[in-house]
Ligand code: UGY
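Form predicted alone, single chain, as structure tokens, below.
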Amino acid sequence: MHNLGRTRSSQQANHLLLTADALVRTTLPGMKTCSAIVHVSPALGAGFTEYTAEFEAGGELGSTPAQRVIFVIEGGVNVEVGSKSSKLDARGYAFVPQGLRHRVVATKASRVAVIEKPYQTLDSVASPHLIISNEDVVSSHALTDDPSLQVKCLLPDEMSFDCAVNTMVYQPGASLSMVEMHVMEHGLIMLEGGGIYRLGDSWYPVTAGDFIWMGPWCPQWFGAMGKVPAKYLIYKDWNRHPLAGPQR
């Protein structure tokens, strides 16, 4: 039934909530039997692009001028670099450095989160390296010593990497210990469960499938609600001086 102009989605000056009822699909250059739901891009003022790629079996991503992170939400893909092909199933992920030629081809119908960001070089720091892995093999740690809130860092915290991508899991009732405000921006996809997100001066119910963009210094807080844990995939810019600014 048509919802008569109502949606949970909201765009404000310093944040965006994009929900399933407002999603629009498109095809990006080079995609084959694959479509993209573009969640955020420089068109909104972000320093990165994040989208969900929906593949048919055999579907393929196009190329990118930027570095790329992919995280398999459902299904499976092969990541081909040179003569080597690596299979990624659900929760598998890859980091592909900027300029490294590669192909991402689905082995079955799949949904994949894709993050692309122009790389910010640093003098005397080596370029980041290719990573092919799975979230299941990454150790977790408690955030602010709260065992009910666990973080997995999917990328190394090394100066060669100019961004961080993590998964965070909240047990029911767990929440951030403070309202955060900081220079980093975020892209966030809710993977499981739900709760309440404070963004700026607004409070939003969120659930699996929702996307959130948080601009620099956007007040932000999350609390998990319901009977199952809440989990999300979150990006932030990292390891660069604020004077350098985002490269777009």
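Keep in mind that what you see is a predicted model, and the values were worked out from it rather than measured. The first residue of the shown sequence is 1; numbering continues from there.
If you look for the form predicted together with the named molecule, you will not find it shown, but the lines that follow are about it.
Taking the partner from the other structure, the named molecule in the predicted complex has a heavy atom within 4.5 Å of a heavy atom of M214. Interface membership of K236, defined by any non-hydrogen atom within 4.5 Å of the named molecule in the predicted complex, is confirmed.
Contact check for T64: no non-hydrogen atom falls within 4.5 Å of the named molecule in the predicted complex. Put simply, E180 is close to the named molecule in the predicted complex: some heavy atom of it is within 4.5 Å.
Of the candidate stretches 76-84, 123-131, 165-173, 105-113, only 165-173 contains residues with a heavy atom within 4.5 Å of the named molecule in the predicted complex.
Three-residue candidate spot T52, A90 and F95; no residue lies within 4.5 angstroms of the named molecule in the predicted complex by any non-hydrogen atom. This chain appears without its partner; in the predicted complex, the one residue of M159, V138, L100, L143 with a heavy atom within 4.5 Å of the named molecule is L143. In the predicted complex, the named molecule lies within 4.5 angstroms of at least one heavy atom of each of the following residues of 214-232: M214, Q220, Y232, in sequence order.
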